[in-house]
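Below you'll find only one chain, the form predicted on its own, shown as structure tokens.
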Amino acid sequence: MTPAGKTRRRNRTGKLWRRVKRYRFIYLMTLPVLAYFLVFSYYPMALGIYNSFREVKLLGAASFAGLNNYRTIFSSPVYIQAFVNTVAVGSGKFLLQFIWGLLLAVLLNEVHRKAVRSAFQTVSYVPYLLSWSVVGSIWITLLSPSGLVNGLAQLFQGDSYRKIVFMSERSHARAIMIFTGAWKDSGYTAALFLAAIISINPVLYEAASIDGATRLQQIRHILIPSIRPTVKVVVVLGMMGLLRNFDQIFVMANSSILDKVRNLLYLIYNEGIVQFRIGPASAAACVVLLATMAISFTVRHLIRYDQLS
């Protein structure tokens, strides 16, 4: 290296150390956060990837399995059906949640009294704050033979009505999971949309009113285009969570409908924790991780997420 190159290298090193010294307290404050992610996120992820190539035994040393675990899950009808269930329930839930959230946000924006709007927004947001243990119990009770749904149906149809055990009907299983999942999370989606709607400049509405635009035309040509960045965020978040729905299935599923709603995460839990088949479970978890990344990057590209509008 030439003397000039050595000088430039020393200068860059000196600038780096001066910057570290200047912001040393900020860097020290970030160390606990980095340690948390290393211990509870990246280390388990790396261990899962490593175990996906091994045959882990309850007793005795683990052995290298190569791609056998991946061959097992890709050739298993149970895993294939779980993947179909995951995509079907996840897609339906996101679509319904998106529509409900947008409609709820638009309707709340039309309420001009702030106290009333805040009350309705709070009521719609509360289910999102509750755990699936609570929400699942509520819906299992409502859909039971003696629950509210059967009671209302019997009230309108009379004594000839035959009560339906909704939670045991295979034909209703996916629809129930989609409906209850969207019902729980639509308040959160509505809060995101409403925050974007409120930030729209009211001058745009006033100018449209002067030009004779109706309220529906204002919503179509001003409100919807103005919240496009928030729509992109909601879509990306929804796609990132498309394959990650464990709590709902764990709480609400039963043996009668399990094969219609059992998703990948539930199967991974059953295989890895209950049956201690760590290898195939880890391989399936890696597939979920890769599929989530692929879906997220594809959606980001299709909706041009990095563009402002």
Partner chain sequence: MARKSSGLWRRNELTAPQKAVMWLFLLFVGITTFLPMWNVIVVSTTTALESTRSGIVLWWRQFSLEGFQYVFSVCKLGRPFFNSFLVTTVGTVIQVFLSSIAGYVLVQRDLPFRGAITSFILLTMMIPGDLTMISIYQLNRDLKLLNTYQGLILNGLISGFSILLMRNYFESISYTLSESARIDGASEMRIFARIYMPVSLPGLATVFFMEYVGKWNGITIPAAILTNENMYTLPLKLKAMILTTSSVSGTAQIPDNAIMAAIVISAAPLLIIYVFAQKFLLAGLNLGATKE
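Residue numbers count along the first chain shown, from 1. Since the structure is predicted, the reported quantities are computational estimates derived from the model, not experimental observations. Between two forms, the rigid core is defined as the largest C-alpha subset superposing within 1.5 Å.
Beyond what is shown, the protein has a form predicted in complex with the partner chain; the following relates to that form.
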| property | result |
| --- | --- |
| Residue among 152, 78, 115, 95 with a heavy atom within 4.5 Å of the partner chain in the predicted bound form | 152 |
| The unique member of 175, 84, 134, 198 whose heavy atoms fall within 4.5 Å of the partner chain in the predicted bound form | 134 |
| Contact at 180, 194 and 226 by the partner chain in the predicted bound form, all three, heavy atom at most 4.5 Å | no |
| 4.5 angstroms heavy atom contact with the partner chain in the predicted bound form for residue 108 | yes |
| The partner chain contact at residue 66 in the predicted bound form, heavy atom, 4.5 Å | no |
| Touches the partner chain in the predicted bound form: residue 215 (any heavy atom, 4.5 Å) | yes |
| Residue contact check: residue 104 to the partner chain in the predicted bound form, 4.5 Å heavy atom | yes |
| Partner contacts in the predicted bound form for 127 to 149 (non-hydrogen atom within 4.5 angstroms of the partner chain) | 127, 128, 129, 130, 131, 133, 134, 137, 138, 139, 140, 141, 142, 144, 145, 146, 147, 148 |
| C-alpha of residue 115 off by 2 Å or more between this form and the one not shown on rigid core | yes |
| C-alpha of residue 42 off by 2 Å or more between this form and the one not shown on rigid core | yes |
| Core-aligned CA displacement of residue 30 at least 2 Å between this form and the one not shown | yes |
